[in-house]
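Have a look below at one chain only, the form predicted on its own, in structure tokens format.
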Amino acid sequence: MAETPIATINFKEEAHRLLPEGASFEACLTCGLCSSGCPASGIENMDPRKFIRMAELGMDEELSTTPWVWCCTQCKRCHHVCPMNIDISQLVFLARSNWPEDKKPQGIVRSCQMICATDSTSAMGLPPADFVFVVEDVLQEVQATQPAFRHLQAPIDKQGAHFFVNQNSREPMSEPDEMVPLWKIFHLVGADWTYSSIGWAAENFCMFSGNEAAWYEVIKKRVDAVNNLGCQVWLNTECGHSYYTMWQGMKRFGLEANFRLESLITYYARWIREGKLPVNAKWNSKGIKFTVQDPCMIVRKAYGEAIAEDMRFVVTSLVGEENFIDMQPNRSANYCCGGGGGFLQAGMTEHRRTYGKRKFDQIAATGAAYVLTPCHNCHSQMEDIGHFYGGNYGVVHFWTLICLSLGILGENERTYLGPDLLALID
């Protein structure tokens, strides 16, 4: 069967249609700030400034077919630094949407198909019954083997719970013990929470694939699940893009939500300030150094500096201010690691690692032994580029370090701890 050709978009016309009032692509100063701050610059012989100039020059066929749109993670750093407020990511999304399904990177397409295949909305295809089984099985083991948590709970489909908690599929599918530290945190603070058997999964690659119909289907199922349970807060797990796809999807498709969206990071900071999570840095007696990755999806593209400050408050509370070394640049100006935008699923490994070299250099410059990040894509990408470029750092979840600080991290919950951290526990 012949492949479907890629239709040609009139990028100049579409660019002007998509722009917010008062903005203009023709106002581009060709200053180069966008390209200098974009880790995808040079890949496939393209960069953000070149993309805009080609759009203005009517080079529609070239832009309609360039694979660079799958290398751009739509992190919006170019938009963040642009003096004329030009948002190139809108054109990239338009271009992705225009590609026929059989020409798109099949890893992203398959992930979207898997999300739509079950009521779980899991990109790994874990159906609701299997998710319930895994949660209950892991919970029973913890109750039986950790006496301090014999009353630990992991509710599912609890009507009227305050928090509706989502979960990245990686945990129940391949790292089920990684769910436990989060349950322990909820237990300690007395949170009223629940999972749902429907719409529990965090990830959403349908937006990245440019498939708006599927994006809508996924978000609608999740919104309905939260509304039906009567929860007040959809609490996003340590996963960056899941918040952004939900937030933007609800706005884009005009979905009625009887709840608000919140991030775990905000609550970690709140619970520490309130004394509900009495963490301290005394355990870090060897002065192990840490840095933090600002996920584009929840910092630059969503909460901004407020959540970046919350992250730093949590990290310094956990490891000590003297043991925290920030990357440069940071917060909303931080560089994307290259794991977002579906890049990890796209099968473009060489391009993705080229993109990630800037992040690797950032991490290496801190000299930190560990990177903390509340994002699964960031986690996987920084692990991969660390191994590929010969780095000497680990990547850990916030929930792991919180439970380590509190002295409640179980033996099966230490996957991402290196020998230096393990030595401080045992």
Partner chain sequence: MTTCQMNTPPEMDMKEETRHFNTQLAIIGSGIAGFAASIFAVNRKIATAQIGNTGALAYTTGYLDLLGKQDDEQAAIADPWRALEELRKNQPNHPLSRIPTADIHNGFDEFTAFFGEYGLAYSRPGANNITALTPVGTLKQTLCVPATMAAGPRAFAAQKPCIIVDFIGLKGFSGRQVVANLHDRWPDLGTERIAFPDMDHGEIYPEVMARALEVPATREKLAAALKGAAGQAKVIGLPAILGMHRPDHVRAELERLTSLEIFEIPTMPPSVPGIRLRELFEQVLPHKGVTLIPQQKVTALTFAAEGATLSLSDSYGPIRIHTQAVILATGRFLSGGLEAHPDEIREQLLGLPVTQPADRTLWYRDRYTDRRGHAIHRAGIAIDHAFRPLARDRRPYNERLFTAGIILAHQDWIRSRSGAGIAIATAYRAVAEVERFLIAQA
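Positions refer to the first chain, counted from 1. Everything numeric in this text was worked out from a predicted model, so none of it was measured.
The same protein has a further form, the form predicted together with the partner chain, not shown here; the description that follows concerns it.
By the criterion of a heavy atom within 4.5 Å, G32 is counted among the residues contacting the partner chain in the predicted complex.
Taking the partner from the other structure, the partner chain in the predicted complex has no heavy atom within 4.5 Å of any heavy atom of R53.
The partner chain in the predicted complex is not approached by K184, whose heavy atoms all lie more than 4.5 angstroms from it. Residue contact check for P127: none of its heavy atoms lie within 4.5 Å of the partner chain in the predicted complex.
Using a 4.5 angstroms heavy atom cutoff to the partner chain in the predicted complex, all of M84, E212 and Q328 count as contacting.
Only one listed stretch (53-61, 37-45, 371-379, 396-404) carries heavy atoms within 4.5 Å of the partner chain in the predicted complex, and that stretch is 37-45. Though the partner chain is absent from this view, in the predicted complex it lies within 4.5 Å of a heavy atom of just one residue from V142, A302, V165, V226, which is A302. Taking a 4.5 Å heavy atom cutoff to the partner chain in the predicted complex, the contact residue among K282, K286, H151, K251 is K251. For the partner-free chain shown, just E101 of 92-109 comes within 4.5 angstroms of the partner chain in the predicted complex, judged by any non-hydrogen atom.
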